[in-house]
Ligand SMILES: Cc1cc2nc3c(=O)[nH]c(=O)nc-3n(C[C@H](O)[C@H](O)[C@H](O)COP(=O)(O)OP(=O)(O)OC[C@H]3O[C@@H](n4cnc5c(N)ncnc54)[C@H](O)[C@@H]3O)c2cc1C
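Okay, so here's just one chain, in structure tokens, the form predicted on its own.
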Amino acid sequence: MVVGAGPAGLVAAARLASSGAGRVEVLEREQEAGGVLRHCAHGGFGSRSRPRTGPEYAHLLAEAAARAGAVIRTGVTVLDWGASSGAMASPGLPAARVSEAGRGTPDHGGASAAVPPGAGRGVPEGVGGAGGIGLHTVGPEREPVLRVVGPRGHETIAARAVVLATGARERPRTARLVPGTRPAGVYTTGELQQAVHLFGQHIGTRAVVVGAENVSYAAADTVRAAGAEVVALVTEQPRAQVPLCRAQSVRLGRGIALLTDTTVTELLGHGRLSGVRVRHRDGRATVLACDTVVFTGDFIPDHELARRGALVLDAGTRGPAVNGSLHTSRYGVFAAGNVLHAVEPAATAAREGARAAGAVLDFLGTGAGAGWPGPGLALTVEAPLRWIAPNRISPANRPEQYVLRTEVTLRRPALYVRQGGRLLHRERRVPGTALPHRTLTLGAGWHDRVDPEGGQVRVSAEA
């Protein structure tokens, strides 16, 4: 069972179905598969030789998954986890249907017993704690069960394995604690792109874009595609978080101002937005007249289902903690894509989907009662690094690479990996500058030098 039909979920489903993993279902709460790609009208997706727009790439991935034999069910929302044994109907949900994914066609219809409140929320024995890194054998009764609702009504679905690929979302204005009134005309990038590219709605005439990273420039393009003017991009950072050539192209070629070291301090207007008050780091303040404001970036993993399942979350990424093969702390549950790290490019999410599928195939091939990796050693970062993923180390689960993010601009940083006082690895990033909101990678060649009894492993960046 795959939850989420974005790049990670669709690629995982395609590989599982084409590898003979049995019945593979993808559950997607939206009416179409593809995730955020559906409304990313700009290019830059797919391969270098055949670049595609977001909708084109989404269609390609969905078609590949369906052609491989995966069943993509749209309009289906996963509500919670069910009891691991019995797969019974939920309290107060008459005529619930129980099926098994990965084991053939639905059966057990008309289950009548109720799932105890909170069932399935406990951390399975032997995982999620702070213990060692060996294998923990658990029985098939711990197989994951999901409670969902969709066009068929309520269902409880048992699966031999679940891949969480629920993606990420931008934090809205309210979560960013921006004071002021509550007028119309306030968007996130996703809301803006859906309004413009999916529904053809009018979004206003003058827009301020908050942020100066790739997604912010994509939002500015969407505003212009809707026929509106971009008043300015506003960022708290001292420079744009994109390559200099792109920032200059937009500022000089399109005449869009970039206000750095500047914060939106208040929204103005009643009914409709009339402006935003901004303040520079040196104390100067002014009002930018506009009827639309777009809050961009500041992504967080869509981790509600992981939290309801009591999966251990990483304190840095706020997504499920995973080892190099993307095992979570819950038996039979894997995670891939931007639910792990908000956010990386679609290609990264797709690669992780493929990797999760490989791990699922290995897991299914071991048969019932197979071991499940323990919690592993914690892999953490030191400031100014923000997070790293994967963030658990298990001896048998070496990742292809690690992805990290920094809080501040670092010029020619070297990355150091240490365990206790022992240096495991040193790597200087090429090319030189690491920017906030941009991907930073770390090789995994040091993985085999980790002492399983040596405690936490830490990564630092030094100029």
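These numbers were taken from a predicted model, which means no experiment stands behind them. All residue numbers refer to positions in the sequence shown, first residue = 1.
Form predicted in complex with this ligand: not shown, discussed below.
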Within 4.5 Å of this ligand in the predicted complex, do we find a heavy atom from each of A161, A335 and A389?
no
Partner contact for A70 in the predicted complex: this ligand, 4.5 angstroms, heavy atom
no
Though only this chain appears here, would E344 touch this ligand in the predicted complex if you measure heavy atom gaps against 4.5 Å?
yes
Using the partner position in the predicted complex, report whether T166 sits within 4.5 Å of this ligand, counting heavy atoms only.
yes
H59 near this ligand in the predicted complex, any heavy atom under 4.5 Å?
no
Answer with one of A434, V417, V36, V403: the residue that has a non-hydrogen atom within 4.5 Å of this ligand in the predicted complex.
V36
To verify the annotation, which of these, T77, S274, T205, Q237, has a non-hydrogen atom within 4.5 Å of this ligand in the predicted complex?
T77
With this ligand left out here, work out from 434-442, 40-48, 403-411, 62-70 which stretch has heavy atoms within 4.5 Å of it in the predicted complex.
40-48
Can you tell me which residues in 1-19 come within 4.5 angstroms of this ligand in the predicted complex, by heavy atoms?
V3, G4, A5, G6, P7, A8, G9
